[in-house]
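In the form predicted alone, a lone chain appears below as structure tokens.
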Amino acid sequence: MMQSNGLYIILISVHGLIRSDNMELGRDSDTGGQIKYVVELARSLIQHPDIGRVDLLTRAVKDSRIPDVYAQPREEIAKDAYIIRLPFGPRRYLRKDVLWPHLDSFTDQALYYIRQTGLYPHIIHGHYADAGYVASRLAGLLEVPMIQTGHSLGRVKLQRLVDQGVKKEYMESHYNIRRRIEAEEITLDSASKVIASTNQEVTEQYSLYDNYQPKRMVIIPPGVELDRFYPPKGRWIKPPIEGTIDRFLKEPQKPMILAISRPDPRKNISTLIHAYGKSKSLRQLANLLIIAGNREDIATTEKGTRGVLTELLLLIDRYDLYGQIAYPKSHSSNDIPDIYRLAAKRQGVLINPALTEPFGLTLIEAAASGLPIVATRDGGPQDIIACCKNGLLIDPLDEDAMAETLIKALSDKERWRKWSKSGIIGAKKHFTWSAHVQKYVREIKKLVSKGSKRKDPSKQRKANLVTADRFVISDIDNTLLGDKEGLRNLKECIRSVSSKVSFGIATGRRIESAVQVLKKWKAPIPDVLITSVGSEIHYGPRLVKDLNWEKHIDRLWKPDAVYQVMKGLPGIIIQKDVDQRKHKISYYIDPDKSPTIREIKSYLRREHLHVNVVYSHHQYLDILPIRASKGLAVRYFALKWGLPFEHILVAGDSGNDEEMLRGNTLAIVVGNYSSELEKLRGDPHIFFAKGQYAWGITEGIHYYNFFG
């Protein structure tokens, strides 16, 4: 049922380690500012009178290397705000770049959870590319508005990697960069609003995308917790972390240069140490404090972290910085406010030397604590210093200029006091969570009012389908059909389990052609017919059309424009008129003469066309609305009829079946499959049968004990 009192918001943040208190920020490159942001957003949203409930969906992790809290299915952030951990993929902790193959499973788990709560979300908000991909699919299936926050963007990272001379093979194997960018394009196409932190993010970063739509973007800077981050008071009570830091230093009362970040190469800690180590004047003037996450044994950390920390220690030794630099092994999240206040008490500065900085939460935390800042001339720092007037900008790659700027910032005590006071005032005026949430809620209420006429598809059930406990859904050509004896055997297998099992088809054929060929082969008319590559759904022998699905996928569909854009592309020939549908445009394609599929997708996006491109059998190309595909149609059907995904068995043979085969449904690839599906081998939810055509489906039914 629908939430009756206040808006129900689902936040999604897939990667890293998320918990409500004592966050392990800096533990690795995936557990940083985004983790803090989403938890604080949930905590702040639920305090708004118009918000009734907030769920933050993330990944459940069971791993002996990390605390058990990350395996708990539910954790309270505040009253009516929860972290919900959903299991998907391997149970162990994985870095974000290898989670991509498992995101369809996360989508299915999220749908389970939503049905179990009995509440229907008003807004789904994705954070980062991986969660954006999940959020776009969920929002499409549930017909609710979607919001996206990128945090960092793949095209920007790609440019940086190219500039650094990183080979394409490494980019793909380590970062899955193309898949990430593709997910971001899909997300931008689906999002009703994109929340950015800075003007630069909108004008310089998102503008790199084919689906760049500035009218959908709104700038809402993150907030700072003013009850935690405040300047040192007159009577200084020594915090526990002070002793941990001072044991490194010969003259601990000197001004302190504070750098606080994850141990990530992009944070550019090494350039800071070079700048400090080379400048005798700077070393005489101030100590350097590096807070770079927590570690027990550098040798056991992941490769990227290990490289950064090892280089840090080597540079300390190279410049003989012992007694002048502190680099504690561990701290808690509760120590961070005290570290800012300690640096402010000693009239130091915070430095952020990152190569790029989309925003920089540490900068506004420092400002609220009365600590002036020196930061990279990029993104967030430019906006923050413009608002707070509390520091200087630097070129993160110019070591000498970095040292000179730090000396300048620390030498003028009167200006330091002005910066400190101005930062405190600016943080309170521009960067509070209450201000963030007020603007956020105004934006989402506009979206909710536009979609107020939507209906809950889970309530619209047909009596003739309710009795079925499980469904077998098969492609037609070269899967269900192709061997008469195999088809006869499959029909007998399904009949043997009475009305508890129903049968459906999902095909690229139009409905008339599908019915005709099924009759020709003496196959029964299925209970559900997903046709035209997932762009149409019909039910039962009367072929009742699902009009809600048609309305659902019609959003942003511009078929006339698609026809015009595709005209004249080499190697692409339009199919006959009879094969064209209201929500499907079909072509023959010669891959030796045509642009690549990726190039076709990019070309369509640059023309602001919101489409799904499906390539199959090395000769067919179908253009669909962005919300349409076989896989999305199967999931919509499952949600609408209240079927658990593991009660659906899907079977296919070619590329246009791929999305349908992924995820938490049980899947069969028949023995005569196209080589396009070979990449799916090894997925535990996908069975590669030896039997061809319908024999392979029957083999898969027995393999899964699907009727048992």
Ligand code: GLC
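Since this is a predicted model, take the numbers as computed values, not measurements. Don't overthink the numbering: it's just position in the shown sequence, from 1.
Unshown form predicted in complex with the named molecule; subsequent notes refer to it.
Checking Gln109, Ser629, Ser616, Gln205 for any heavy atom within 4.5 Å of the named molecule in the predicted bound form turns up a single hit: Ser616. A heavy atom within 4.5 Å of the named molecule in the predicted bound form is found for exactly one of Tyr603, Tyr620, Tyr82, Trp100: Tyr620. Taking the partner from elsewhere, Val533 is found to have a heavy atom lying within 4.5 Å of the named molecule in the predicted bound form. Among residues of the shown chain, His331 is not one whose heavy atoms approach the named molecule to within 4.5 Å in the predicted bound form. At a distance threshold of 4.5 angstroms between non-hydrogen atoms, Glu182 is out of contact with the named molecule in the predicted bound form. Although the partner is absent here, Thr301 is not a contact residue: none of its heavy atoms lies within 4.5 angstroms of the named molecule in the predicted bound form. Figure note: of the listed segments 149 to 157, 269 to 277, 505 to 513, 87 to 95, the one touching the named molecule in the predicted bound form, with heavy atoms no more than 4.5 Å away, is 505 to 513. For the partner-free chain shown, Gln575, Asp579 of 564 to 579 come within 4.5 angstroms of the named molecule in the predicted bound form, judged by any non-hydrogen atom.
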